[in-house]
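Next up: a single chain in structure tokens, the form predicted on its own.
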């Protein structure tokens, strides 16, 4: 190699390093498995990019972001949490997109011999412990509370509620047989078919839609926006569908 080519090579290496970027995505806990599968495809389509995920309840993620966590993209499991992010100026209304949908289910341990046939059955003595995401910070808990309130059952069920910090914790409680029943998303229930079974698919008072948005303070706003748009692409939607998510409506 000629010495004269070394500066050019060093420049190219330097440019490559400069183009490498980590994109931090804070996403609802229910997206964990699907997003892990999505990462290689996005990184392959955007050479030099590395996705870093942070999964938790949407409300907890918003609290982290509001306190200054360096996040590029936020994906919530509900509109209310993203509305709060927008109200705080953390995301821009015109940049948020609904990227997938889900459904609420009532599950019981796989060994259960008498699963509830209706929500009203949860008021029976057989269901003393019901796992529900904490409504203050966990979207699946808010959906559940709305459904039970609409059915006039919240007052009866709330004393039996075992609060979960996120939907995966509610799933674990049921899978381990530590509670008699629990509310999770259909996509979560499908992860452990040998440990839980779906007793009911529960219509919600509002559709379960996941909004995604680049953070207004992202150091990589263009890449963050591309990730949000990419979630709506046919390849990404195909992966999400394999994990049980529906298309955004």
Partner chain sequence: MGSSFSGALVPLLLTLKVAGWATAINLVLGIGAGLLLARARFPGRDLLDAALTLPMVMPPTVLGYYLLVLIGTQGPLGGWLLQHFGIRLIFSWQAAVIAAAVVSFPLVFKAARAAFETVDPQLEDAARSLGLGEAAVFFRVTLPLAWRGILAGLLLAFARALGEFGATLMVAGSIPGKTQTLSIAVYEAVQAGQDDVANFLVGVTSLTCIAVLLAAGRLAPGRVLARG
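Every value quoted in this text rests on a predicted model; they were computed, and no experiment measured them. Residue numbers count along the first chain shown, from 1.
What comes next is about the form predicted together with the partner chain, which is not displayed.
Whether residue 188 contacts the partner chain in the predicted bound form should be assessed with a 4.5 Å heavy atom distance threshold; does it?
No, residue 188 sits far enough from the partner chain in the predicted bound form that none of its heavy atoms falls within 4.5 Å.
In the predicted bound form, does residue 143 have a heavy atom within 4.5 Å of the partner chain?
The answer is no: residue 143 has no heavy atom within 4.5 Å of the partner chain.
With the partner left out here, check for me: in the predicted bound form, does some heavy atom of residue 63 sit within 4.5 Å of the partner chain?
Taking the distances in the predicted bound form, the answer for residue 63 is yes, it comes within 4.5 Å of the partner chain.
Taking heavy atoms only, is residue 120 within 4.5 angstroms of the partner chain in the predicted bound form?
No, residue 120 stays farther than 4.5 Å from the partner chain in the predicted bound form.
Based on heavy atom distances of at most 4.5 Å to the partner chain in the predicted bound form, which listed stretch, 217-225, 26-34, 176-184, 200-208, is the contact stretch?
Looking at the other structure, the answer is 176-184.
Among 95, 165, 103, 79, which has at least one heavy atom within 4.5 Å of the partner chain in the predicted bound form?
Flagged contact: 165.
Only one of 90, 157, 147, 134 comes within 4.5 Å of the partner chain in the predicted bound form by heavy atoms, so just point that one out.
None of the others qualify; the residue that does is 134.
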